[in-house]
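Next up: a single chain in structure tokens, the form predicted alone.
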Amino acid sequence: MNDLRETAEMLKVVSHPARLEILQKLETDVLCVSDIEDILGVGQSNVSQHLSLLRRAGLVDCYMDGKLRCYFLKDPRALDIIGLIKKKYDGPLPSPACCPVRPGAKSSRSAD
């Protein structure tokens, strides 16, 4: 159960569009805070808050380059998350064979 709680906490951290975008950009590059400010179009304090959450979750880390903090991906699960959000699907899953849905009939999946 502890692994599920840990995973749920990590998913909460990445559930913000800005943090997903940060992870996506860090997939291919090391970025400093000012780079991320430009990418997101938000101020330094906002970027720092997002990076702090990602860092506490262990998804990213940073190193100092003079006065610059340069961020990079640390947890390999970040690559899985990025891959998942980029993945395109052909359509919904088929109905189970044990209880086929008749054409035109409503399924409980569509009731959500």
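The model shown is predicted, which means the values in this text are computed figures rather than measured ones. Sequential numbering from 1, following the sequence displayed.
The same protein also has a form predicted together with the DNA, omitted here; what follows describes it.
- In the predicted bound form, the DNA sits within 4.5 Å of a heavy atom of Gly66.
- Interface residue remark: Lys25 is not counted as part of the site for the DNA in the predicted bound form, having no heavy atom within 4.5 Å.
- Val33 belongs to the set of residues with a heavy atom inside 4.5 Å of the DNA in the predicted bound form.
- Under a 4.5 angstroms non-hydrogen atom cutoff, the DNA in the predicted bound form lacks Leu40 among its neighbouring residues.
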